[in-house]
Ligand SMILES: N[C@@H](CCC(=O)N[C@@H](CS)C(=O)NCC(=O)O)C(=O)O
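Let's start with one chain on its own, the form predicted on its own, as structure tokens.
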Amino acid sequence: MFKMNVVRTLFALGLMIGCAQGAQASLLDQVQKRGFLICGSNPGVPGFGLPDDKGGWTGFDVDFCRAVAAAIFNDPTKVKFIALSAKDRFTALQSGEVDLLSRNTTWTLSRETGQGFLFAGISYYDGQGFLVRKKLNLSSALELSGASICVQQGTTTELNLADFFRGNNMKYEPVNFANAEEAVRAYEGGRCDAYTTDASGLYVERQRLTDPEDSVVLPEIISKEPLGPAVRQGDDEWFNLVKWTLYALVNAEELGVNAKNVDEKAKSDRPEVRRLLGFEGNFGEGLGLGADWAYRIVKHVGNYGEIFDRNLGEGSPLKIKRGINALWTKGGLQYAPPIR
């Protein structure tokens, strides 16, 4: 009898816990009730995330957060940006300090299975490289044996650096810093022979040096760095919303729908365009949104290509080529599942 009572008690407790969990508002409900999205961002990488002296944020990752806000609120300004270091970003996401992490973060197995995150796709395909002074006359990263390397701690960059040198039986001296700004400043001051980070970041930091022409990016890419937005595990509705915001941006570019022509495209007879913009079917319902969720995104923020161009590409000071971040129809890797 005692054992039976224990079983019944445990079963009742399980039901109570399950009901309590079910009664908790979803993250989308919480965000809607709050009235704004909280997004964790990088405060120091021009082109990806950077606040100005008035608190205004710009960047590729920043615009993704604005796209999520546009889908939810029909207002891309309803975002609060939280500046996060590489070291603090995961704690902030785990603790619920931020709803979404959009901060040039690499998608890895351990970050999903060990830290409780889900990556909502790849927004930018990147890879790690090295920045060195021209006067060293180096043509390859394989010539860096014995070099001192400035690197930011708490990143996959550290691990890739160690793997590269160990895999090539080379010695090196890692010089670790808490953030990229300190690492670059040390490199420019001559404390290190080279600076390493994602290739996109190398071009950004090179432009910020006192004399950019004194340094060169070596040709090797030593890692795969699939960068993308991340959310906490356990809320499928929120994960789907963030994921399909990215897919809507890519699909819009592929279909030729942009911020300037979206209203004209709303008159299109093409089924794919009509589904995207909410005039055929109600695909927003499964995301907890209205039928015009993707229309809102494109209207307020633009498509993937527009976001890339103004922050990183030809419309920006960085002039980064699309490369593998071009659409799959143009030789790149950006490919999105269909909205149907």
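What you see is a predicted model; the values in this text were computed from it and never measured. Numbering starts at 1 and runs along the sequence shown.
Although it is not shown, the form predicted in complex with the ligand is what the next lines describe.
In the predicted bound form, the ligand sits within 4.5 Å of a heavy atom belonging to residue 155. Looking at residue 42, you'd find a heavy atom of it within 4.5 angstroms of the ligand in the predicted bound form.
In the predicted bound form, the ligand sits within 4.5 Å of a heavy atom of residue 89. Within 4.5 Å of some heavy atom of the ligand in the predicted bound form lies at least one heavy atom of residue 180.
Candidate site formed by 60, 99 and 102: none of these residues places a non-hydrogen atom within 4.5 angstroms of the ligand in the predicted bound form.
This chain is displayed alone, yet in the predicted bound form one of 115, 240, 85, 258 has a heavy atom within 4.5 Å of the ligand; that residue is 85.
For the residues 123, 197, 251, 245, the 4.5 Å heavy atom test against the ligand in the predicted bound form is passed only by 197. With the ligand omitted here, the record of contacts in the predicted bound form names 156 to 164 of 156 to 164, 138 to 146, 229 to 237, 258 to 266, defined by a heavy atom within 4.5 Å.
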